[in-house]
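As structure tokens, one chain now follows by itself in the form predicted on its own.
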Amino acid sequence: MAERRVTVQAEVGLHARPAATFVQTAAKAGIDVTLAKVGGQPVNAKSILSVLALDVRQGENVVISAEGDGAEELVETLAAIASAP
């Protein structure tokens, strides 16, 4: 299992376009991927509604987890999307 904690840098947080890019990238992977606020319940990172429902704002920390073949690469790619300004 690969896991990474990142701080969301986008001014709009993980909403609208950043969330769509994040979910589309996660959905292309054939492995399980979750997203959670630190200390919170993980949600399916392939679901736009679940990701938007987290209401992640700029400066908040999230944990991205993936399990399966290519998990490390996927987590790194998603971390780069989540931490992009």
Partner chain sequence: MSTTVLAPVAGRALVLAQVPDPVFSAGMVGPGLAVDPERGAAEAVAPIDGQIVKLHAHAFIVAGAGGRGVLVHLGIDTVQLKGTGFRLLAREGDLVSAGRPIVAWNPADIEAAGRSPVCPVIALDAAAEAVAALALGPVRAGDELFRWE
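In this text, all values refer to a predicted model and were calculated from it rather than measured experimentally. Residue numbers count along the first chain shown, from 1.
The discussion below concerns the form predicted together with its partner chain, not included here.
Novice: Assess the spot marked by R17, Q24 and R57: is its partner chain within 4.5 Å of a heavy atom from every one of these residues in the model of the complex?
Specialist: Checked in the model of the complex: all three residues contact its partner chain.
Novice: Do V38 and its partner chain share at least one heavy atom pair within 4.5 Å in the model of the complex?
Specialist: Output for V38 is no: heavy atoms all beyond 4.5 Å of its partner chain.
Novice: Please run the contact check for I31 against its partner chain in the model of the complex: heavy atoms, 4.5 angstroms, yes or no?
Specialist: Residue-level check for I31: no, no contact with its partner chain.
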